[in-house]
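Next up: a single chain in C-alpha cells, the form predicted on its own.
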Amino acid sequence: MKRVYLTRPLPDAVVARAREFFEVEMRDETVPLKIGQMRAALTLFDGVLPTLGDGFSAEVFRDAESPRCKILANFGVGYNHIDAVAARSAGVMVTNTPGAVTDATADIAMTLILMSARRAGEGERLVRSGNWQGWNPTQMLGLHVSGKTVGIIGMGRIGQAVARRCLNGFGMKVAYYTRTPKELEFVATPIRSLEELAQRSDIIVLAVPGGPETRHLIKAPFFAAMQSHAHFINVSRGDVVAERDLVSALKRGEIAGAGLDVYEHEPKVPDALKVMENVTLLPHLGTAALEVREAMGFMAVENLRAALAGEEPPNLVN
C-alpha cells in the first residue's frame, strides 16, 4: 500500500477517505513544515498532501533526484507556496483543489465588503467596550453598498462568483480587470487598466491567484487612484498587495477602509493595521466551513489516488 503524508490535521471524513487507499501518516502540528521536514517527506512518502505555508521551494527540490514522492496534492486552490517548475524537474506532480473553494471564498468577500462598508467590526468593538451611548441619526455612518460599482480584479471562478452576488443580491454595477479575456454570462464592464478600475469603483475586490506574476500587483499608484470613499477587499493572496503601501493609503485617507482575509507575511499582521478602526481583519477564513474543507480534502485525496495509481490526476497544475 502506498504511503502518504498529511502535513496538517484534516477533517475526520477526509482522513478516513485517505485511509481507504493509503497508509496514512498525519502530522498533529498546525504550523508550516520546515525545510528539513519537507526534504524528508520527499524521501519517505509516495505522496504528500501539503497546504498553505508549506514552502516547497526550489531549494527543497535542489538535491531531490528521483524522490520517492511522486505528487504534492495541495489542499487549496492557490499553490504559490510550491515551486511547480522545480517539482516537475524533480519528477513530482503538483495538483490543487479548484472549484471546491469558489463559493465559500466569494461569501467571505461579501462578508468583508459589508463589514468594511458598514463599519461592522468597529461597531461590534464599540458595543463590547461598554461605551455605546445608544442610537443617534449620525452614528457611525458608512457606505451604502446597494447600487454601487464594484471593481473586481481577476475574473476567474471566484471573481465571477463575487460578481454574481454583487449583481443579484445588491443591484451593484460590476467592472473588472483581467489579464485573460472572458466570456461572461452576466453584464460587466471590462476595464483596460488597474488605475482606471480604481478610479471608477466604490469597492475593489482582489481575486487573482498568487505567484511571481501577481506579487505586489497592487501598490501605491493603485491606492492613490482610488476614490476617498472607496473600500479595498482582498481574498486572494497577501503578497499580491504591497502591504506597506496599503497602510500608507489608509493613514493618509486615500481610501475609506479595507477588509482583509490574507496578509503579505501571514500569519504576521502589521501593528499599524491592527489599530486602525477602519480595517476589518479576518484570520484567513475563506474556506473555513466543514463541508467546504471536506470537499477540498476529498478532491486532494482523489488527486493522490489517481497519481499513485498511474493515472493523470484530475487537477494537475504542472
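The structure displayed is predicted, hence computed values, not measured ones. When you see a residue number, it is the position in the sequence shown, counting from 1.
Omitted from view is the form predicted in complex with ligand 8YV, to which the following refers.
(request) Look up in the predicted complex whether R237 has a non-hydrogen atom within 4.5 angstroms of ligand 8YV, and give yes or no. (result) Yes.
(request) Determine whether any heavy atom of R27 comes within 4.5 Å of a heavy atom of ligand 8YV in the predicted complex, and answer yes or no. (result) Judged by the heavy-atom cut-off of 4.5 Å, R27 is well away from ligand 8YV in the predicted complex.
(message) Check A249 for me: does it contact ligand 8YV in the predicted complex (non-hydrogen atoms, 4.5 angstroms)?
(response) The answer is no: A249 has no heavy atom within 4.5 Å of ligand 8YV.
(request) Spell out, yes or no, whether the shortest heavy atom distance between T214 and ligand 8YV in the predicted complex is within 4.5 Å. (result) Heavy-atom contact with ligand 8YV at 4.5 Å: absent for T214.
(request) Could you check which residue among Q160, T105, T149, T111 gets a heavy atom within 4.5 Å of ligand 8YV in the predicted complex? (result) When ligand 8YV is considered in the predicted complex, the option within 4.5 Å is T105.
(message) Can you work out which of F232, Y176, F222, F75 has a heavy atom no more than 4.5 Å from ligand 8YV in the predicted complex?
(response) Checked against the cut-off, the match is F75.
(message) For the interface check, one of 178-186, 76-84, 199-207, 134-142 should have non-hydrogen atoms within 4.5 Å of ligand 8YV in the predicted complex; which one?
(response) Going by heavy atoms within 4.5 Å, the stretch is 76-84.
(message) Each of T51, T287 and R293 having a non-hydrogen atom within 4.5 Å of ligand 8YV in the predicted complex: is that the case here?
(response) Each of the three qualifies.
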